[in-house]
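Single chain ahead, written as structure tokens, the form predicted on its own.
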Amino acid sequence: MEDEKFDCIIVGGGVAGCAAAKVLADNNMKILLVEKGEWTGSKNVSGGVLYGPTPWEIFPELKNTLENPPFERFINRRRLSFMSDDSSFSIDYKSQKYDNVPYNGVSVLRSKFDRWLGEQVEESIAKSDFAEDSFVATEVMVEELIIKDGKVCGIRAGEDEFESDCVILAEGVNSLLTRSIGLQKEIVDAKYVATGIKEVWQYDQDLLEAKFQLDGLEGVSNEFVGCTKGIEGGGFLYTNKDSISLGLVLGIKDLRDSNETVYDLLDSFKDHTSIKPLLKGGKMVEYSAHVVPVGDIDMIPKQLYTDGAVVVGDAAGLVLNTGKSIEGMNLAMESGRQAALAIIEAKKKRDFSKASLKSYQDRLSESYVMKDLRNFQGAFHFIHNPDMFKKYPDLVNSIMNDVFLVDGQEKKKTRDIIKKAVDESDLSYWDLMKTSIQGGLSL
């Protein structure tokens, strides 16, 4: 029976699970990667921008696939748009410095990208000493963990049981297995999660590149504030090879307390003057929704390990919102790598106890993942100020309307325009001062 036992079982074939499996296979570990979908990532509907350098370090073949890449486009243009009901104002930045491999960020469609990650894991397995004994197993639904003498020592899927020295839980935000062993609360507070709703619109590639002024593999990412009728959240648009990913992320607690529906909000967003023209010539080919962590460090379990198991990625609540970018996939991959390194170390010691696996959390704490989450927690609270979702975008657009208005009347100085807009808004000068100070300190 000892020969049939795996060194590690990874539950979940998303970016975190594939990253962990790749590192383990590259280090000659006997592994089983299980995915409930038809292929790795087939159930994943999230996507957007995957930031480096972690993906390029774990999967160096990304540098050699530029003729037919598993990602969509590299992102060398970033745009942040403030929207009111009938206008929008954008901050737009493009740089050739982001044109070089390894890219700063790439847009991905997860079903395609994660499938490629799974293939890379299989190639690493084929090169290991356990080419005949390690597996990527799809269409496997893990129902529960096997626990003996208080230690996680495998998984149960239907009538099948698979034993291992350690289990990595990369099951996503609906972390039922993680909760079953007490690493996550039984009921996650609604304020810690959001619903993401996304449509994929397909175009003739030449038309898409003309619409968004793209050349070759260039891509743009655009975040929107003020498009949610005052509900916590925002919008996004990412260019893929011949499509765009367009949608909203909405705080579940705020959404639940409102009278709005996600589809009405999405329709309103698509009908906005800055979005509607972009959809002309395109065809909506995919619609999806899922739950995501909002990036509050309080959602992250105090302990990411127990006897025989560790938790990574979305299951651990690892999402970073700095106000400059929203990162999740790179954090998930880094957590997968650090978990794998801790398990390799545990195997050398032949010790998969809680005390031994604590090194995973120690490693993660010293990585950019937890350092950034700690350093930018103030930014998270700043961005989630309720006034950010309606009042400030309206104020910005009111100011810009008068700045650019030519009406045959005596022109006003910019300072007078700002004063008039503030006086007519629901914001006080005290609100503006507090927000400026908080933003300066947190961002």
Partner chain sequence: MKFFVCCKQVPDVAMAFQIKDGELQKDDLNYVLNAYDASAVEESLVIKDAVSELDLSLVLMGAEKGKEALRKGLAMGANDAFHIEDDAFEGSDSHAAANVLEAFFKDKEYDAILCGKQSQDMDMGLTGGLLAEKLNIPYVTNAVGLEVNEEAKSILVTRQGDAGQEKVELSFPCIVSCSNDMNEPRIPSLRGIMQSKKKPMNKVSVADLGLATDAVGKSGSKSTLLSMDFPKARKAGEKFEGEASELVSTLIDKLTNEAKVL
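Residue numbers count along the first chain shown, from 1. All values reported here derive from a predicted model rather than from experimental measurement.
Quick note: we don't show the form predicted in complex with the partner chain, though the next part is all about it.
Residues of just one listed stretch (349-357, 254-262, 312-320, 124-132) have heavy atoms within 4.5 Å of the partner chain in the predicted complex: 124-132.
Using a 4.5 Å heavy atom cutoff, none of 57, 375 and 431 lies near the partner chain in the predicted complex. The closest non-hydrogen atom of residue 157 lies within 4.5 Å of the partner chain in the predicted complex.
When the partner chain is considered in the predicted complex, residue 174 lies well away from it, no heavy atom lying within 4.5 Å.
Taking the partner from elsewhere, residue 137 is found to have a heavy atom lying within 4.5 Å of the partner chain in the predicted complex.
Among heavy atoms of residue 192, none comes within 4.5 Å of the partner chain in the predicted complex.
Proximity to the partner chain in the predicted complex, taken as a non-hydrogen atom within 4.5 angstroms, holds for one residue of 92, 242, 144, 85, which is 242. Of the residues 179, 270, 115, 198, just one reaches the partner chain in the predicted complex with a heavy atom at 4.5 Å or closer; this is 115. Using a 4.5 Å cut-off on any heavy atom, none of the residues of 168-182 reaches the partner chain in the predicted complex.
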